[in-house]
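Consider the single chain below, provided in structure tokens and representing the form predicted alone.
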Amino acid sequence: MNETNIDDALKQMINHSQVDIKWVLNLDCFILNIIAIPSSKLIWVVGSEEKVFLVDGETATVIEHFNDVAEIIFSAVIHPKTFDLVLSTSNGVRLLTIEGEMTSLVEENAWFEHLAISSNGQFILASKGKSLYTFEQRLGDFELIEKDTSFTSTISDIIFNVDSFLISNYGGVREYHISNLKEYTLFEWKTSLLKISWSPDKKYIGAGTQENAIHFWPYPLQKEKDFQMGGYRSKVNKLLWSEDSKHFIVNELEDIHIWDFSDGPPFGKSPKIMTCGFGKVIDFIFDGNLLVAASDEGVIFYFLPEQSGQFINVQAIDAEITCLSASSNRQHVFVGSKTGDVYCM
């Protein structure tokens, strides 16, 4: 298909998709992340620079507007009990409350790029280069209790699962239990490890590598039982497990790959491939039934993977997509864009 035909097809999809858009809200910033607050109609909308919003996801009304948060915002998580927002930024770690207050957990003129919070909200881990900062909530406030400078390379990712944190960098993934945040188990691999994903049943840890592969370790750690999936045409920048841990999902250029882990590692198997097209897949979400994927060129694809590899619906917006999120009731999809528009589908 030549470029003209692609442009014509996109225009037709954009025109057809307008009837499926519930609302559009322009927030005048690059939309980095959208986080739905559980059991609520509210959503946090995070800009990549300076701005954060608390928005009513039903009426597209801005409830709170935080400006001058930081020159650059890198990542965000919500507190599991208060639903306040924690941000890692170019000059520290911030806490934004639903009531509209902003406090600084640490103030340093340095890039804090990654963070994660425990399921009870008691601990936050944030990384600055090769350093790991640990915060503990005491009497309602977070205090910096530990600064670990033992890493020999820049930290690439931090995630939490059940009762442990995982931290990736060159040479391996460290596991820290919340019962003892001073000691760790090393899942070793001699390369740069990037994004991490941990199956909900805690049986497998997967990490994208600098060499366009995904490396896996069984959990608990078993020597010489790790394995790898290679041959990807690009670095894998999103890894997601289904809630039942039976499927492992990754993006690769214009495709989504779904690996079957229902009987253990998928040795000798091929992934089910969901082909999207119209640009690189920039983000996707999966609720166990419906998979929604978005390309950077503004096209959103809907799949039912258990039924087929063909999309069942497609929508398009007249903007470059940056992120996807589902509403707390799973009835709507929120789409962020480079132009600052947030769409509710």
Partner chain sequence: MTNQRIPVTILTGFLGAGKTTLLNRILSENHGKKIAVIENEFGEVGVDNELVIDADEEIFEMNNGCICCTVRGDLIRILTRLTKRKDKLDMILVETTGMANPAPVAQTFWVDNDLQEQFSLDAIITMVDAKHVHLHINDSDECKEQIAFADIAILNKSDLVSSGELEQIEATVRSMNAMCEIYTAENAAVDLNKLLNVNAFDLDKKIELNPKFGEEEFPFEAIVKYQLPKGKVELSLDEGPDPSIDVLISPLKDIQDQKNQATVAFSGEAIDIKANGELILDKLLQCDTTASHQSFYLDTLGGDYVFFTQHGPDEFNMQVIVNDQIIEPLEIIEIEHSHSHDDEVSSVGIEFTSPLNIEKFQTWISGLLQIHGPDIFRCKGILNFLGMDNRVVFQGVHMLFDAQPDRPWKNDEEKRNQLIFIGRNLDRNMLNTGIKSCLA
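Numbering follows the first chain given and starts at 1. Values in this document were obtained by computation on a predicted structure and should not be read as measured data.
One more form of this protein should be noted, the form predicted together with the partner chain, which is absent from this view; the next part is about it.
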Residue contact check: R233 to the partner chain in the predicted bound form, 4.5 Å heavy atom: yes
K280: heavy atom within 4.5 Å of the partner chain in the predicted bound form? yes
Contact flag, L166 vs the partner chain in the predicted bound form, heavy atom cut 4.5 Å: no
Contact flag, Y170 vs the partner chain in the predicted bound form, heavy atom cut 4.5 Å: yes
Candidate from E136, E146, E211, E108 lying within 4.5 Å of the partner chain in the predicted bound form - any heavy atom: E211
Answer key: of F30, F53, F311, F284, within 4.5 Å of the partner chain in the predicted bound form (heavy atoms) is F30
Given that the partner is absent here, state which listed stretch (269 to 277, 200 to 208, 137 to 145, 152 to 160) has heavy atoms within 4.5 Å of the partner chain in the predicted bound form. 152 to 160
Within 36 to 58, the residues that have a heavy atom no more than 4.5 Å from the partner chain in the predicted bound form: S48, E49
